[in-house]
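Below you'll find only one chain, the form predicted on its own, shown as structure tokens.
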Amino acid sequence: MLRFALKRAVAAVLVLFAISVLVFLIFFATPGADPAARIAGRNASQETLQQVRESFGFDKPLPVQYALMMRHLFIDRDLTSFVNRGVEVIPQIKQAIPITLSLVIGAAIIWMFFGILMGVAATAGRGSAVDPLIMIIGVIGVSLPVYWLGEVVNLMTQSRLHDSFFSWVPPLGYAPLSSGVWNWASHLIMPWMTLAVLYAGIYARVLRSEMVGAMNEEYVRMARAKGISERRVLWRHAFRTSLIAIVSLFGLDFGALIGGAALLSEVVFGLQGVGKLTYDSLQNFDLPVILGCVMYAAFFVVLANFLVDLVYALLDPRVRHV
């Protein structure tokens, strides 16, 4: 198991290195993408551009530029924005991380709970009206765009019904956990529920499909022949086997959302998370912030895949020899 983990860790580091090189080449070495022009501003003279290139090391060979950029980002941690001069990149990302983590972790707990509950209930209720009813609810959840559902939720909770049923819902935005658990959670309950609606439906359908397939396997038939109860067969055999697909799906979704894929939810509910920071930096073509956000997102996606591989190896020992 240790050897397997070390192999996956080395592969993760190599992937992060490859991503850093690719992002650097795209934004700093693509013909026509002159970082010096972004810093110097419009109508800058050639003398000014040359001074900027020398000051930031843009006149050096590409490998040297890459090394300098990575040193400023990861070692010195003093990489600054090209648009907001003097504003460092790392503090901006650090300020956005707790917001995105709070949003995604809370939503993940909700969607995993209801996704598993709905998937197991649909499997147990095969042949009755429960199964299609749960699947229809799941399809509806998957079909609702997050930005549209978020706007409807805001319309109800912030305007139409705010003075009656939802008077406890605070204004849009984020409150840190240090301000109190209830104040923090009350700002995030609606974003949590909105984001969880989409994923709960997906996980319910995936789990139901996996469990139905497992229920028809030979080892499940053998378990039934031994007189094991249907409930135990459902949980002990079908559910446990189906967890591999759920773990894989959860790892990819969670890593992507932490890395900024929760952008629409952050925008709709006024949360200044990593997704919103990445979007704003792309709008301004702020290369250092883009680089920092992409590396942050890549780290969490690679970390999520690494952890999924470890869980795979624990659930199925055959994976360790692959």
Partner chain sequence: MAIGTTEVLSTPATQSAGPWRTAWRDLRRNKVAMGSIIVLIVIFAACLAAPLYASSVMHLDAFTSNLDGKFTVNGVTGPVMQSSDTGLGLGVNPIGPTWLWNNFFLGADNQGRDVMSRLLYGGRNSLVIGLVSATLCCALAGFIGIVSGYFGGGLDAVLSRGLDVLWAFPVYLLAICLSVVLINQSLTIGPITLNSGSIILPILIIGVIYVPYVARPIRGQVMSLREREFVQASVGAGATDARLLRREILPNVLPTLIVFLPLMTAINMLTESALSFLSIGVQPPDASWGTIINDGVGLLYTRPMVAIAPGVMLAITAVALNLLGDGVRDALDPKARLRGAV
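Note that the coordinates shown come from a computational prediction; the quantities given were computed from them, not determined experimentally. Numbering follows the first chain given and starts at 1.
One more form of this protein should be noted, the form predicted in complex with its partner chain, which is absent from this view; the next part is about it.
- For a residue to qualify, one of its non-hydrogen atoms must sit within 4.5 Å of its partner chain in the predicted bound form; none of Phe114, Ala121 and Ser242 qualifies.
- Checked against its partner chain in the predicted bound form, the candidates Met69, Ala297, Ala36, Leu271 yield a single residue with a heavy atom inside 4.5 Å, and that residue is Ala297.
- This chain appears without its partner; in the predicted bound form, the one residue of Pro145, Gly173, Pro91, Pro176 with a heavy atom within 4.5 Å of its partner chain is Pro145.
- Contact with its partner chain, judged by heavy atoms within 4.5 Å in the predicted bound form, is confined among 96-104, 195-203, 75-83, 176-184 to 195-203.
- Within this chain, Glu151 lines the site of its partner chain in the predicted bound form, having a heavy atom no more than 4.5 Å away.
- Remark: Arg126 does not count among the residues lining its partner chain in the predicted bound form, judged by a heavy atom distance of 4.5 Å or less.
- A residue is said to contact a partner when one of its heavy atoms sits within 4.5 Å of a partner heavy atom; Gln283 meets this definition for its partner chain in the predicted bound form.
- Its partner chain is not shown here, but in the predicted bound form it comes within 4.5 Å of a heavy atom of Leu155.
- The partner is not shown here, but in the predicted bound form the stretch 208-226 reaches within 4.5 angstroms of its partner chain through a heavy atom at Ser209, Glu210.
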